[in-house]
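First comes one chain, alone, set out as structure tokens in the form predicted alone.
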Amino acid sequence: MSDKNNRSLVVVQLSGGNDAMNTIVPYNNGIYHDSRSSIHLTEDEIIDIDGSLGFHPEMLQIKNLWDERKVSIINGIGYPSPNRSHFRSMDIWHTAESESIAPDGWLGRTIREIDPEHKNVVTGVNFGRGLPRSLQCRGVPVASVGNLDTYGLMTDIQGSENRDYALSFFSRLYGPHLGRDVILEALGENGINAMIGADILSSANEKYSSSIEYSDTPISNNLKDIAKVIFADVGTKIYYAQHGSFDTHAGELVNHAKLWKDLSVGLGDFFDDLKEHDKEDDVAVLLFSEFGRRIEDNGSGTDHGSGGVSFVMGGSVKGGFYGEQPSLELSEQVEGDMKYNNDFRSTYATLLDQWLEIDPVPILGANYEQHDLFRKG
């Protein structure tokens, strides 16, 4: 396995509630077909894994990574007393707190642990608009990048002297002054961090060179930007991106296929890029969604459920199944859902302890059983 100092974690949020049953498909299970007369996938459509489960047909590049033992499938993932609200369930995943409302996110706490003195303002970077709850933590700077090609402060100002003058004024405006109140001090610190982070990250474009041609989709563009920053070696440890919406109440067969095609193609190119730059052993990728979908379809799609599936990918990953595939038997269902049997915080604990080599207990608030996800040595 790679050296600890070189490792980074890429988290991709499958927003909206990915349908686990049409992602890792129990294609020879009669209950699956009976429950999903409108949207089931058949044996001749899926990409077989083991004679009973198969990948969605648009997950070819992920299946290729599986064949290389670089994909771990985390079955039955969820948490106690599942919540079918997008907002509450996503908040639980973002904060690792299912009983109460937590003040900050698990990745924000992780960044604080990695860089407690805030020496690197790009230890964590979000690729997308806004700042996900999981990255929020008081006093922890995190950059948000919409598009690395155009990212930076005042990049539309023509001429380096004009831009330097504007940035100097910006620095003075937001810089520290004696006697200013707490809010202004926070604004000043955030302003300076934004300036520093913008210049650090925008330099990644200049350094990037690759033979890989990514598809022109939002998730592929985000993954390409992540690759650029990884190769620039600016000390970023946590990367975040979102893909969706997976809220497939209607038109699921078409919409779900497009979502997984875009993601699978993007991940295939991303891992080819990592391999070309001799970085595939240094990067772990987590795919997660806030919940699964109901066992029965609604005629065109599926409604909010539980019992989901997550993935951990990378050159240092020990590929395979982790956790049991939930039974579809009526006696094992929970109000029409697959029963979760695998607490998502076990996966978080594994990533923190075995990959980032950080004590997971202070971040997660408890000790969770871990998976044996990574190769030794």
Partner chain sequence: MTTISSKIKYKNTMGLAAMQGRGFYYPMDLAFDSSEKIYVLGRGHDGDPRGCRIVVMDMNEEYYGTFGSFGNENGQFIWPSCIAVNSKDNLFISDEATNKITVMSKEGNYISSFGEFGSGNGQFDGPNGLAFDHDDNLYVVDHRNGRVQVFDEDGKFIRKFGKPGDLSGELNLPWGITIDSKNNLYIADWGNHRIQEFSNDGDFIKSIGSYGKKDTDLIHPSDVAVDLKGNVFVTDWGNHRFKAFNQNGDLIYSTRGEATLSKWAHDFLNTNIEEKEARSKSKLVFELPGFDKDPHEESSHVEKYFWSPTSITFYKGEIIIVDSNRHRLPVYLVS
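Keep in mind it's a predicted model, so treat the numbers as computed, not measured. Numbering follows the first chain given and starts at 1.
The form predicted together with the partner chain is left out here; the points below concern that form.
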*asked:* Quick check on D247: any heavy atom within 4.5 Å of the partner chain in the predicted complex?
replied: yes
Quick one: is E97 in contact with the partner chain in the predicted complex, heavy atoms, 4.5 Å cut-off?
no
Check: Do K237 and the partner chain come within 4.5 Å of each other in the predicted complex, heavy atoms counted?
Finding: no
With heavy atoms only and a cut-off of 4.5 Å, decide whether D303 touches the partner chain in the predicted complex.
-> yes
For a quick test of understanding: in the predicted complex, does each of N255, D297 and E335 have a heavy atom within 4.5 Å of the partner chain?
yes
Within 4.5 Å of the partner chain in the predicted complex, heavy atom basis, the matching stretch of 269 to 277, 239 to 247, 70 to 78, 215 to 223 is 239 to 247
